[in-house]
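Just the one chain here, laid out as structure tokens, in the form predicted on its own.
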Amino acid sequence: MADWILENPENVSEADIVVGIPSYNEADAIAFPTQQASLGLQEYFKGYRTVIVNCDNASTDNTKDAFFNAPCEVPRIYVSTPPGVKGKGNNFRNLFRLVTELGAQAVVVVDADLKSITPRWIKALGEPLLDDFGFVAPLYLRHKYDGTITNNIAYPLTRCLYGRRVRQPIGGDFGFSGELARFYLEHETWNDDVAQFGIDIWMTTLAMYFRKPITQAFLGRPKIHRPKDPAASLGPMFRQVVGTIFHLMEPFAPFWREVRRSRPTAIFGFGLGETEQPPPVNVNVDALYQKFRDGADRYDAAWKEALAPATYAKLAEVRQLEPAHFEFPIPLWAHVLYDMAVAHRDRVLPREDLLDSLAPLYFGRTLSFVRSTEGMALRQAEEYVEDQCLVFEDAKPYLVERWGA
């Protein structure tokens, strides 16, 4: 493991509860979650030894100073990857290692750019870990177009594969036990994608696969951070998240092939009566359509290679649709993802090329999702997402058959 840079001004050697804040160049944002974490630890975890850890990627914008200068009554530790070593997963790996050395019982992680965090988030994510839960996923109100990778890929796929309904498997804010941190530190499925943005889905999937006691913490407020237009450039994050899902399908196949249906996951928190609306997310539907069209021209040969003939033929019909009548049906989308997973396993194309070829299909499905839900309130859109997941579960025998063949 690459060495780390550690600053522990109060010489903390033991802790019961750790709050981790992963960062890279978050000097303008990190003070607020640090302050809120401190207030939450003081108010709800009196009597416990607590510490807040900034796990950083050698930020060059004085993130470390902003962290140490934030209003805070709790001991702080700064740990960083060496200069040049990037990746959110590498930040977490340092956190797993530090948590193990401190002998912590519970770990809460929150994003460094959170604007909506309150002290109660620390309570909601941390308290279940003191009551024998191993993993706590976040549950918050999000705008229907915030988190389209979650809505259209990560949630339906993990739910139908592993049989647990964890609504935000890549939410960014989590709780996990110290025991699970040690487990993560040693697990052999770690790879380059997990070391980057694949970390969240990797942690959630391992918790599901190894049957750790999981709950969802209802956080009571919308997640407000730096939202992104779903039509904006995906960058490497898309490849790393989807690549991690496909990567884990291989060693875990004996498990997920036997899973027939999903079951609910308990919700811990303070009621679902919250009425505060999440901030709007604007979507450029013309850009979504254009990215689908451009991808169809560029990746036709790759799609023909990766997809089953029947899937490719149905996709050809979708490609003929004009913007005003565009629709990418959910059953076809499920078959596309299942075919891509098999192609990823069989290396029919270089994996990075395969995942790049999936991106325009995702843009097409996202456009269809936006069109289908544009007149819906948040609750109705949520029901649409749940219905989409049921379609994935109904189509799972297709995946099992293709995987076996």
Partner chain sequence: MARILIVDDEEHIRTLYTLELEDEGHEVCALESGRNIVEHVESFRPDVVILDIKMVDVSGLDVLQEIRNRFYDLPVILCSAYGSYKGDIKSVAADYYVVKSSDLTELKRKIEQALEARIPQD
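Numbering follows the first chain given and starts at 1. Because the structure is predicted, anything quoted here is derived from the model rather than measured.
Although it is not shown, the form predicted together with the partner chain is what the next lines describe.
A heavy atom within 4.5 Å of the partner chain in the predicted complex is found for exactly one of 258, 73, 132, 192: 258.
Between the partner chain and the residues 239, 164, 223, 123, the one pair within 4.5 Å by heavy atoms in the predicted complex involves 164.
Remark: residue 347 does not count among the residues lining the partner chain in the predicted complex, judged by a heavy atom distance of 4.5 Å or less. The closest heavy atom approach of residue 265 to the partner chain in the predicted complex falls within 4.5 Å. The closest non-hydrogen atom of residue 245 lies beyond 4.5 Å of the partner chain in the predicted complex. The shortest heavy atom separation between residue 304 and the partner chain in the predicted complex exceeds 4.5 Å. Across the proposed site, 95, 187 and 351 without exception lack any heavy atom within 4.5 Å of the partner chain in the predicted complex. Residues of 371-397 placing a heavy atom within 4.5 Å of the partner chain in the predicted complex, in sequence order: 379, 383, 390, 393, 394.
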